[in-house]
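For reference, the chain that follows is the form predicted alone, supplied as structure tokens.
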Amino acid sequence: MKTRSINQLVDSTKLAIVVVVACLLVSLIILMVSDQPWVAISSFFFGPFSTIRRIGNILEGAIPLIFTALAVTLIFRAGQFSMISEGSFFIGILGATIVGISLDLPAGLHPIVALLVAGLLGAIAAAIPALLKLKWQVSEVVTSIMLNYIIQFFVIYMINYHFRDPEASSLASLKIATTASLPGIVPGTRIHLGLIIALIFSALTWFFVFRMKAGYEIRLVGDNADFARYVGIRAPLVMVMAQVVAGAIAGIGGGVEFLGMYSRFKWTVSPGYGWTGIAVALLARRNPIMVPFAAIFIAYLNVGSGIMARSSDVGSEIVYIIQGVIMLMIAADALLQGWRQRLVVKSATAMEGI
């Protein structure tokens, strides 16, 4: 068995163990705290599949997570730990809002321009911590986390003082033009064209990472930056490029979510898709092709927790326990490491005997 096949086998087994353990842990917690545990468990695990509308909710919830997870995947592949996908996503919403309100464009062109502006703002936001790291070696973890809050308040300021609907009873922007909205694609649900766009971006990101020179450089820099410099790759610029591209993807994701699901800006805080995208990227093992499946699974958990909270005495916050367990176990390199080593040794021994 080749090393690559061994890694795929072990990673797939590890992923299955992580999912099973997380679900068993949640079931145990429900049994301990609920007066109607079977109602809660049934609502959590089977409720999301009870109607077409709820199945649609899973796919709707997966769309923004695909974009933020793709952004996180690129950043992690480059060996960086910027958390800017949250800020890039939110400022992308602002860009789509401004274009949707301010410009009068044809139906086919309007959402394209809105998404391009959203991606541009997302890229600019991601470039700030990347350039600070390049110029002054400032930790991208600290700057990106702080910048997320700056972006959040800046976006809310822009909506509140420049695009707010004066007739709205709460913070809300003016309505965007109908020509800017993304159309629905599945009757009876709110699944919109953004799902197709997200899947296309997953395929394009995979092609970029594994089939293009720039993606190879990103992977090489992420695996061994010193070796990358030795062979002539300008590692710092590659790290910046990866974060800027990731910011553009997250920004477009914000635009897609807004244009597909809303007619006006209504957020008072950042929605948190960037943080959840980290769990999705880890669950997908930083593989862009696996990101949609991981995003659908996390969205399924979110929908199930909401149904459980409405139909039982267990709160929806339990989904955060699952996400935390998944992140901890995926990040545990020692899990199944012994089995991996035995398979490698067995394969090497077999090759020597040929």
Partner chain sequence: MTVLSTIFSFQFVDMWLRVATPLIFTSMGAVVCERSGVVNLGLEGIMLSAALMGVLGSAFSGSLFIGLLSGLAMGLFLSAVFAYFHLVLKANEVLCGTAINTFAGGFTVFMLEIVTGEKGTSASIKSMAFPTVDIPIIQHIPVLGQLLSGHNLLTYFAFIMVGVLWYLLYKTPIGLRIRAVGENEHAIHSVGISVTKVRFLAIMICGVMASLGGMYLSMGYLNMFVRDMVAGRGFISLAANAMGHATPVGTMLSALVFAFFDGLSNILQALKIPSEFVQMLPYAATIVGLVLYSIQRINAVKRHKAKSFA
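The shown structure was predicted, so the numbers you read here are calculated from the model rather than taken from an experiment. Positions refer to the first chain, counted from 1.
Omitted here: the form predicted in complex with the partner chain. The next part is about that form.
The contact with the partner chain in the predicted complex, taken as any heavy atom within 4.5 Å, belongs to L147 out of L147, M239, A248, L195. Taking a 4.5 Å heavy atom cutoff to the partner chain in the predicted complex, the contact residue among I289, L328, L28, I52 is L328. Only one of 291 to 299, 57 to 65, 43 to 51, 319 to 327 places residue heavy atoms within 4.5 angstroms of the partner chain in the predicted complex, namely 319 to 327.
In the predicted complex, the partner chain sits within 4.5 Å of a heavy atom of A332. Though the partner is left out of this view, N160 does reach within 4.5 Å of the partner chain in the predicted complex, counting heavy atoms only. The partner chain is not drawn, but in the predicted complex it has no heavy atom within 4.5 Å of W267. Not displayed here, the partner chain is approached by V141 to within 4.5 Å at the level of heavy atoms in the predicted complex. Residues of 114 to 142 that come within 4.5 Å of the partner chain in the predicted complex, judged by any heavy atom, are L132, K135, W136, Q137, V138, V141, V142 in sequence order.
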